[in-house]
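The chain below stands alone and is given in structure tokens; this is the form predicted on its own.
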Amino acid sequence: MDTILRTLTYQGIPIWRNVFVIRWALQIVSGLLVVLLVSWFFINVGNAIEDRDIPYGFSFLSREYQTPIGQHFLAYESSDTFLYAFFVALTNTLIVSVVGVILATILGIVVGVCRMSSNWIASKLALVYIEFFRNVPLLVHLFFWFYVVLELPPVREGYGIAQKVYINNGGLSFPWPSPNGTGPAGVWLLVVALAIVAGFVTHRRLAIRETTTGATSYSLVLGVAVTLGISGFAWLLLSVGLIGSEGEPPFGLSYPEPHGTFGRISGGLTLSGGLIALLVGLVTYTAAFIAEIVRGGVQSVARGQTEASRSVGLSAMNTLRHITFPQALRVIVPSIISQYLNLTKNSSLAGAIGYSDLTNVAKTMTQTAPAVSIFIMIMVAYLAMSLVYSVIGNLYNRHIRFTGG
């Protein structure tokens, strides 16, 4: 036995004393324990479901949903399947999440910068905003904004602006692009995507040249000009029929118009009161946290950086834009990703104010379909959205960490 133990060595060190071997052994044992625990959990859940005859499975996804969805950005009919209805609700949540993240980031950065301003009024107003919105529960915010919307006049007595925009307690209606056929619209959107890539490449190359040579290149202006120029030229070619045979613009404007006895508005795009209240509540609430993250990140940059930039003649705004903020991003990005995840998950409160988000629609589905299966789908959907935000944020954080912006 002693002879066998003496022969069990790695890199000349007995395996029971080799740090590398011990570390790997512990990881393997830990992994096996985790697998066993997870397997035990799901086996017990499965046995409990079978013992109590709880319905499960996903065969219901091909059945007709037969329930209306109040607000939907995709075409939807009650005769559509459960799977398509779930996708429509997921799209509603995705739109709220993406638009909310963009608006909350912009508002949070503005409020965070105002919080550090030397202007006493701007600084104190930002402080009041942050303390108020951070310390009142989000659900209370949503109810407040929702009842503000409900205080607007009814549809027949609502406000109209130039007979193109209508504001009432049903929501906000305004003109919206409508495709003139799937062919021209699809071709133009493809060209726009390529134009954005071309504009970004132009911007990056000119920015690198400006950094290398020091000569002003107006990289952002020219990048935007390339994108708009390609997109506009493609629009012109499609409109006159040089591309395709129809000879009409890819998109036209659909205008909202009141119809019927009750003045219901058709055409254009109508954002329901629930959607408006949800977006305003999520944006104002999340922006307060983002503002504090921005303030903490900027103040983490050494004061000598600001003093050096001011000594060479940079203004306070240029110092913040070119010196302080790019360095602060390394601190800001990891924390701000968490706020993006929180905003996405907090959108599940939409059911409280009547917006047809993923959770609200899925909860309605449980009346005619297996609740266990539906809530598994909800968890997977939110997990997927959160992981996408995490991956994008981590990739960007790695980029600025190694390239400096």
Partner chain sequence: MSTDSRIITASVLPPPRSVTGIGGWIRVNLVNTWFNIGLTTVFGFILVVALWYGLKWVFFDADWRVIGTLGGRIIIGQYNVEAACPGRDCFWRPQAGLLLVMVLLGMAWSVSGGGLTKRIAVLFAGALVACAFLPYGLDKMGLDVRLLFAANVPALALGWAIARHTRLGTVSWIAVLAFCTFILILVLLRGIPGVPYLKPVSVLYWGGLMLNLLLAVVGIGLSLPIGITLALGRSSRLKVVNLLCVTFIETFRGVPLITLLFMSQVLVPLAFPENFPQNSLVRAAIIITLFSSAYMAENIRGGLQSLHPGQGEAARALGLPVWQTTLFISLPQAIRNVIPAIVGQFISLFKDTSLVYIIGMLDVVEMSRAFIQGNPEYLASAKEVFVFLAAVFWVFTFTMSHVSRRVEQHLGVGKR
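Positions refer to the first chain, counted from 1. Note that this is a predicted model, so its numbers are computed, not measured. Take the two forms, find the largest set of C-alpha atoms that superpose within 1.5 Å, and that set is the rigid core.
Not on display, but discussed next: the form predicted together with its partner chain.
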Note to self: Checking a candidate spot here: are Ser117, Glu131 and Val136 all in contact with its partner chain in the predicted complex (at least one heavy atom each within 4.5 Å)?
What the structure shows: yes
With the partner omitted here, the residue among Ala308, Val148, Ile106, Leu271 that in the predicted complex has a heavy atom within 4.5 Å of its partner chain is Val148
Check whether Ala207 has any heavy atom within 4.5 Å of a heavy atom of its partner chain in the predicted complex, and answer yes or no.
no
Checklist entry - Could you tell me if Leu36 has a non-hydrogen atom within 4.5 Å of its partner chain in the predicted complex? => result no
| message | Test of understanding: in the predicted complex, would Phe144 fall inside 4.5 Å of its partner chain by heavy atoms? | response | yes
(message) Residue-level contact is defined here as any heavy atom of the residue lying within 4.5 Å of its partner chain in the predicted complex; does Trp188 satisfy this criterion?
(response) no
Among 68-76, 197-205, 281-289, 163-171, the stretch whose residues bring a heavy atom within 4.5 Å of its partner chain in the predicted complex is 281-289
Compare the position of the CA of Leu36 between the shown form and the other one after a rigid core fit and state whether the shift reaches 2 Å.
-> yes
Determine, after fitting the two forms on their core, whether Leu26 shows a C-alpha shift of 2 Å or more between the shown form and the other one. yes
Practice prompt. Superpose on the rigid core, then tell me if the C-alpha of Val136 is displaced by 2 angstroms or more between the shown form and the other one.
Written response: no
